[in-house]
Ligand code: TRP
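In structure tokens, one chain follows: the form predicted alone.
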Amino acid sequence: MSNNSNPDNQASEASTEAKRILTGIKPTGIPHLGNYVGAIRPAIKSIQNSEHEAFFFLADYHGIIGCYDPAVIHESTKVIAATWIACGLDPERVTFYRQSDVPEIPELAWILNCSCAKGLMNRAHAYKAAVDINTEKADVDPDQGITMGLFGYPVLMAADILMFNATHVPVGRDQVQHIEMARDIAGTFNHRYKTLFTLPSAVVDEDIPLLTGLDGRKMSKSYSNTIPLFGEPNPQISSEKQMHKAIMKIVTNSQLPDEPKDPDDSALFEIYKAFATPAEIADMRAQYAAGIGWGDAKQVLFDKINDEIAPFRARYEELMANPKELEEILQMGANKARRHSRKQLDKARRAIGIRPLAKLK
């Protein structure tokens, strides 16, 4: 973080009163149950009955940093947009847009690049991890295979945030460093040119559960152990049946029915807790102690999850069958976003000296 004495920066700190919340969603896969519990549900819940401004965007430019399959980027954008809307995100209430539909963002990223210290980027966790992998190999350049997209990722993320002067950015703990970098980048610009950018605050919810996947490891696309939220597009198998089939594959131990089981050592119970009430959790704990069979426990888990997810399916399938409606929603969001971004970019350009030489009649 920059240490500067510009008193104007004190006014740029995130306000505790009027919040502007910004959330980015990278379109690089099919949403699963872990995404729903860890991001979708809490994000939507956080803005319900709230007067705070909220910006949600599909981070497709971030997606191409590590995904080189155009079909995946395109299809994931469609699936993820449909998922968030089906799960309750109201595009009338929030500004919901596709990053690539706001051209002011990459232009601001370049402006920020020109005042961002390279040394700051050298300390980014993702870049350091990639370099560490290369240095463990013989006769390999430390930067082999590392793109400028990966290296400069935090600057683009800063542009996403600072373009809208977001005050609060919900992130996982592994992303906190990027918010700190955005603050550093904003502080440097404010000190060098003009106080223009709000210093954002990271919001980390420690109470959000991290779900275990089918194999006992953290639920993740990279482990291929996820439970699909609405399933892979497959007309032969309904999304409900796909979810049921996945839950029945969750690995358990060899204990027989009627044998007491430890709920705190069960992935089934851990996932159940993310959907059940305290009373239901206590009842299920008692059933484990009484020796509920694994098949029955899986069925109970499916029924509990399905009770919450089933109401969203019809809207999801409707949107997936009508991409024109999705595109209209995203374009409406882009128009709303650009009302802010055009003004903010103009201020940034003028601050650095890029402005008309004279007024023309």
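For every residue, the number given is its place in the sequence shown, counted from 1. None of the values given here were measured: they were computed from a predicted structure.
Unshown form predicted together with this ligand; subsequent notes refer to it.
Chemist: Counting only non-hydrogen atoms and a 4.5 angstroms cut-off, does Leu22 reach this ligand in the predicted complex?
Modeler: Leu22 belongs to the contact set for this ligand.
Chemist: Look up in the predicted complex whether Val169 has a non-hydrogen atom within 4.5 angstroms of this ligand, and give yes or no.
Modeler: Yes, contact at 4.5 Å.
Chemist: Answer with yes or no whether Ser238 is in contact with this ligand in the predicted complex, where contact means some heavy atom within 4.5 Å.
Modeler: No, Ser238 sits far enough from this ligand in the predicted complex that none of its heavy atoms falls within 4.5 Å.
Chemist: May I ask you to state whether Ile161 is within 4.5 Å of this ligand in the predicted complex, using heavy atom distances?
Modeler: Ile161: yes, in contact with this ligand in the predicted complex.
Chemist: Name the residue from Lys336, Arg315, Lys26, His52 that puts a heavy atom within 4.5 Å of this ligand in the predicted complex.
Modeler: By the 4.5 Å criterion, the partner-contacting residue is Lys26.
Chemist: Have a look at Ala186, Ile227, Leu211, Met157 for me and say which one sits with a heavy atom within 4.5 Å of this ligand in the predicted complex.
Modeler: Of the candidates Ala186, Ile227, Leu211, Met157, Met157 is the one lying within 4.5 Å of this ligand in the predicted complex.
Chemist: Even though this ligand is not shown here, does it sit in the predicted complex so that Phe57, His62 and Tyr153 each have a heavy atom within 4.5 Å?
Modeler: All three within 4.5 Å in the predicted complex.
Chemist: Counting any heavy atom within 4.5 Å as contact, can you tell me which stretch out of 169-177, 281-289, 77-85, 245-253 lines this ligand in the predicted complex?
Modeler: Within 4.5 Å of the partner lies stretch 169-177.
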